[in-house]
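First comes one chain, alone, set out as structure tokens in the form predicted alone.
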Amino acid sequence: MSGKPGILKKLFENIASRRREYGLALLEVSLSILSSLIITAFIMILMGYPSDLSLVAYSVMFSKGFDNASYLLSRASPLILTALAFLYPSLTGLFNIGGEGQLYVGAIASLIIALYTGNSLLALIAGGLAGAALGMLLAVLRVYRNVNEVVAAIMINWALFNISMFAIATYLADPSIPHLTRQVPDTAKLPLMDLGFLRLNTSFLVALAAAIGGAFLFYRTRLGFAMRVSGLNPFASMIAGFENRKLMLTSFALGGAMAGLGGSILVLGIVHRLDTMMMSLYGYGFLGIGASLLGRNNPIGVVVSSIFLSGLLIGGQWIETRLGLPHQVADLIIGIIVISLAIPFAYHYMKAVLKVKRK
């Protein structure tokens, strides 16, 4: 009988602790957004714009950026996956900034398989495997040759950008429209789901499934636990009997697969063909890093942050077209908001890492 009050007391204490934690996070996010808007308004005034223009720009950005749920979720889908491409290796203490290149190879591999087989599943698998292979290459260089993964990724990204443009213009171009590739066959396109109030692109379901699967792997399995321990303290991980090298290889391959899959759904579900300058692909890998930081190193958080960031990007385009502001102003607003939101997480993360390493 005496045990029940103790259990209830502990339960209420846990609920109160969670409420304080979520309340603090909500307060941090609110203050970060508010401070970023004030800073941006101040900078716009210094740039010579009227003082009230910033308020109009914010109104357009937030109202237009989030008013079309179908387009918003579609735009967020590849971003979710490139964010996961950065997130998963980072949980093992590595930085995968090669998501951009992994996105390219995934998109092109999927396009080729789609053109020759007309099968969306095979094309998705090809994209994921291509990205995973490239991620594995970076991991092998890091683990067995001690090549810094950031430096290697920068060089490989640049090389792949040019190689991809050459491949698209030379082997995949549509003879009747030379600046575009041949279109993905209808049988290989990811379908739209009409839910009445929403036309949901299946690509979003693929991205959501990848995030949920990652959350289960990292927070509900022994492998995921070993990866997180390896990221926080490699020495403790080694003492515990975990093989850090295998964990690093696995996380990088997993991250590469996510970026490759991002390229796949972009081609199969959204644009259906690529252009010779790769305008539809460029930048998603780098944006994924920001979305991952905003998502606070959590796969489900990444889904929310990617949708939020996509809304800002869509709203930024409306600022350019409706108010005639240069795209640099929209980029400035988005950049300051992202940095302001990422700073509290970076502080807590570094604090946790230092605390673990001191033990």
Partner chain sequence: MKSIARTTLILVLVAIVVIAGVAVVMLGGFYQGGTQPSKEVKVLVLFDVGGRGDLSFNDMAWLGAEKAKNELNVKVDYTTPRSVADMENILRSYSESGEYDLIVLVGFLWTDPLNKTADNYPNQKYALIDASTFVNRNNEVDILFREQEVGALVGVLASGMAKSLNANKVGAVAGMSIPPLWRFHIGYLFGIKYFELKTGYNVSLLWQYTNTFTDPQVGYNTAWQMLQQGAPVLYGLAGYTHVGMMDAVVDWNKNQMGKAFAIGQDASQEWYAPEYIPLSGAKRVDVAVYTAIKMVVENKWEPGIKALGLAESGVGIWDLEGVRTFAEWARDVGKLKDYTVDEVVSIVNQTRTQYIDSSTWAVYNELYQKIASGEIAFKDPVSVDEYNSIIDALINGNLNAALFKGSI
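The model shown is predicted, which means the values in this text are computed figures rather than measured ones. Numbering follows the first chain given and starts at 1.
Not on display, but discussed next: the form predicted together with its partner chain.
Q: With its partner chain left out of view, choose which of Tyr284, Phe204, Phe218, Phe242 has a non-hydrogen atom within 4.5 angstroms of it in the model of the complex.
A: Checked against the cut-off, the match is Tyr284.
Q: Tell me, yes or no, whether Met350 is in contact with its partner chain in the model of the complex, where a contact means a heavy atom of each within 4.5 Å.
A: The answer is no: Met350 has no heavy atom within 4.5 Å of its partner chain.
Q: Taking any heavy atom pair closer than or equal to 4.5 Å as contact, tell me whether Ile270 reaches its partner chain in the model of the complex.
A: Contact check for Ile270: yes, within 4.5 Å of its partner chain in the model of the complex.
Q: Should Ile307 be classed as touching its partner chain in the model of the complex when contacts are defined as heavy atoms within 4.5 Å?
A: Ile307 lies outside the contact set for its partner chain.
Q: Is Tyr49 close enough to touch its partner chain in the model of the complex, meaning at least one heavy atom pair within 4.5 Å?
A: The answer is no: Tyr49 has no heavy atom within 4.5 Å of its partner chain.
Q: Have a look at 94-102, 68-76, 222-230, 108-116 and name the one stretch with heavy atoms inside 4.5 Å of its partner chain in the model of the complex.
A: In short, 68-76.
Q: Using a 4.5 Å heavy atom cutoff, which residues in 56-70 contact its partner chain in the model of the complex? It's fine if the answer is none.
A: Heavy-atom contacts within 4.5 Å come from Val56, Tyr58, Ser59, Val60, Phe62, Ser63, Lys64, Asn68.
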